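Heads up, the chain below is alone and in the form predicted on its own; it's given as structure tokens.
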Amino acid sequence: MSGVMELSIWQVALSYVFVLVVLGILIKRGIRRERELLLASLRMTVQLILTGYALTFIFGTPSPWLTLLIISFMVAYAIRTVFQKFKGRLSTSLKKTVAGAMAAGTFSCIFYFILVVIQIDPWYQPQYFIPLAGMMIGNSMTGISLGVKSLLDGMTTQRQLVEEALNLGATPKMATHDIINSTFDAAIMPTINAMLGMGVISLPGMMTGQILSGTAPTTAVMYQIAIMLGILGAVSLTVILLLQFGYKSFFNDQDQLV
């Protein structure tokens, strides 16, 4: 198969017509989102260009320490993004749980995937490590954001039910059992839905990229199946760690709601 067909700057520039179309719709409908659209388009462009140059350098000088530093930065940035999304709503204890769940869940799944499933040698090859880790971290961030939102909403709307259960002698874990189950379900459902339509409704980004670069579709399919299962594992582990420890932040040492 032939190699990837490169795009010129002018070809990429033509794709900004879609931004103009959306901008026109926003203006015509009186939806005040023009600034956000233009800012998002600009930031995306600048960030991806800078990322492209950075990855070119990193791929040319592979280093285990540099790879670990980059992955750690990605996880830290994901945690910061979750904190900003729920600014003012997270207690210090819950923030620590979110950070711990993100770090433990993503790192464990990433290293299992790299060392056991893909078996890259050397393991720190940034060409594989960084894109694969990015997909797991990004999806885990989405999952944990949904988990935090559902947990906060559940503990607010069902506060009376939890208090009644505590008064009847239930432990905090027992009193929040249904909330934790519904939260976990809500957090992993987008990943499951994506898996249901994959290959029929949509071709995933990783698979599309490999096919465009000239990789045989069957090889791209094998990689996509593996990475989707890895993403499922990372999202599930991250969210369950959040819930298993996060519910405790809503109670004091006397098992009372705070």
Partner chain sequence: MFEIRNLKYQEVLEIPELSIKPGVTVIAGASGSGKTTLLRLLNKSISPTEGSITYNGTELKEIPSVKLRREVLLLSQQPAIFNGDLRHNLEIGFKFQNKALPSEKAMLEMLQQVHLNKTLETEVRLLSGGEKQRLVIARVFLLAPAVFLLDEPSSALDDVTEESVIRLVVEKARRDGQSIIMVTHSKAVAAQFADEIIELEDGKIKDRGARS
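Predicted, not measured: the structure shown is a model, and the values here were computed from it. Positions refer to the first chain, counted from 1.
There is another form of the same protein, the form predicted in complex with the partner chain; it is not shown, and what comes next is about it.
Screening 179-187, 159-167, 124-132, 111-119 for residues having heavy atoms within 4.5 Å of the partner chain in the predicted complex returns a single hit, 159-167. Think of it this way: in the predicted complex, the partner chain has a heavy atom of just one of 91, 72, 81, 171 within 4.5 Å, and the residue is 171. Proximity of residue 8 to the partner chain in the predicted complex: non-hydrogen atoms within 4.5 Å are absent; the residue sits far from the partner.
Within 4.5 angstroms of the partner chain in the predicted complex, the stretch 64-95 places no non-hydrogen atom at all.
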